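Have a look below at one chain only, the form predicted alone, in structure tokens format.
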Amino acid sequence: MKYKLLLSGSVIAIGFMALMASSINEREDERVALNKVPVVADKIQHKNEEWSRYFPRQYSSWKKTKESSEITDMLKEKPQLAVLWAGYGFAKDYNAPRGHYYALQDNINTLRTGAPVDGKTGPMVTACWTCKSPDVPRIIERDGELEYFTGKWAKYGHEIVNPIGCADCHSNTTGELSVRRPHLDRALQSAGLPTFEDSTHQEKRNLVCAQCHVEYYFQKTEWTDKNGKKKVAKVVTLPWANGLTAEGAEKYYDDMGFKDWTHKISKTPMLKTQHPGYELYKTGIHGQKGVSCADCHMPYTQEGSVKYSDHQLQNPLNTMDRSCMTCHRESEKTLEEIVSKKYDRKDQLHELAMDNLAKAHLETAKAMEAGATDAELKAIRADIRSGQWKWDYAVASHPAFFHAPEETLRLLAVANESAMQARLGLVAVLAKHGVTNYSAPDFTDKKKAQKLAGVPLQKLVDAKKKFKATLEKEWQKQAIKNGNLNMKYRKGVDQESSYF
């Protein structure tokens, strides 16, 4: 009887273990199948919603970038900016960046892109679409890169209609990470760095971001189309030939005598930094230790047996348990306090540099009014240009204080020093022309600052509203007719801006 019971128990145990093994094997097969990169049956070009068939979890998390919807008017928050950018588009309108879901619409709404009335009017060039939509690589592959970069912004308004999404960073046939914009590989080669294909997988997780989160300018390029017509393209180009530093890019621009614009107040030939997030990240501790952008901004998440990358790109402090605490051993509260202190240090130097640079512009204008010559102001303008470049480089990438706090503080300190050197020089020039005890006019609110910058705000707003009521609606109709846009997936796209 004893042996019969043992035998029965053994048979039951073996059967139970077999069932468990079968279940585990089935779950493992399911996990492997769900995590396997699918081969896309039909070539997906640009519509984000089409990717949901193959990557439902990633697509669902990407849609949550819609939650980052708050509009923050940076010209209201920091009115010095309007003076610093006088004569440049950012003095008209500048909001803090929102979620990728809104990037395309914000580009259309901003006063910086003007109010075109047809496909040939400006003011901006086609390159201003480059990082706003997966429609851009589709058009580059179809029309050729030089044709894409030729003409005005409104040229492709009826075609670039889908917001930043899947095909910006992934192959539209395999779903694997992919660089879809040719300018990045050219920049990597100019810097003596491995191209995207020659990079490690971890570095590729940075480089798909570096297609856009970098410093760039529009290089004037003459070319001849297939019909023999001579044209001029404004090609997105990264100034990496001297390395990925603020000074390296500044030397690049100085050597070629480049300027983004002439300052409306001080007549200084200026440089406008874009958003060198990748470059600054490479100088910080996370970059040096091989932590990728995706590790912090797109942390892995788990659903049952499936592990995938969270595509709700956002502040890592919102997902600390997955973004930070996998490596850091401090408590979340302690880590947040450390970050807060870093930000306070950055913001103090940020304000000092902005104030001194803005005053240097205004004091230069006063010197010109008093009769100072370009020769007398040459060294002063050089200090202003250099100082504002470094200030802008330190803050334009937005989270620079988090990515590279030491480098950010260094750049802001050097920027403030250059501004002070310019102002010391201006004291002597102003005194030489009989001006003493001059105080720069008040620019402590947006209205006053934009008035000093000569921004005709109401005129710009009225023109933009007319554009949105006319040409923008025509763009949408054409896009729907051509099959490039399904308005169902644009429902809820925020049409607001700081001036609406």
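Just count from 1 along the sequence shown to find any residue number. Predicted model only: the values in this text are computed from it and were never measured.
Although not depicted, the form predicted in complex with heme C is the subject of the following passage.
J.: If contact means a heavy atom within 4.5 Å, which one of 376-384, 348-356, 115-123, 131-139 is the stretch that engages heme C in the model of the complex?
T.: Checking each option against the 4.5 Å cut-off leaves 131-139.
J.: For the three residues H100, Q211 and H403, which mark the spot I'm curious about, does each lie within 4.5 Å of heme C in the model of the complex through at least one heavy atom?
T.: Yes, the whole candidate spot contacts heme C.
J.: Using a 4.5 Å cut on heavy atoms, which of Q274, T245, T237, S323 is close to heme C in the model of the complex?
T.: Filtering the options by heavy-atom distance leaves S323.
J.: Counting non-hydrogen atoms within 4.5 angstroms of heme C in the model of the complex, say which of H158, K152, R423, H297 makes the cut.
T.: Selected option: H297.
J.: So, P399 and heme C: in the model of the complex, are they within 4.5 Å at any heavy atom pair?
T.: Judged by the heavy-atom cut-off of 4.5 Å, P399 is in contact with heme C in the model of the complex.
J.: How about A187 - does it come within 4.5 Å of heme C in the model of the complex, if we only consider non-hydrogen atoms?
T.: No, no contact at 4.5 Å.
J.: Answer with yes or no whether K267 is in contact with heme C in the model of the complex, where contact means some heavy atom within 4.5 Å.
T.: Contact with heme C, no.
J.: At 4.5 Å between heavy atoms, is S309 in contact with heme C in the model of the complex?
T.: Yes - in the model of the complex, heavy atoms of S309 and heme C come within 4.5 Å of each other.
J.: Counting only heavy atoms, which residues in 165-182 are within 4.5 Å of heme C in the model of the complex?
T.: Residues within 4.5 Å: G165, C166, D168, C169, H170, L177, R181.
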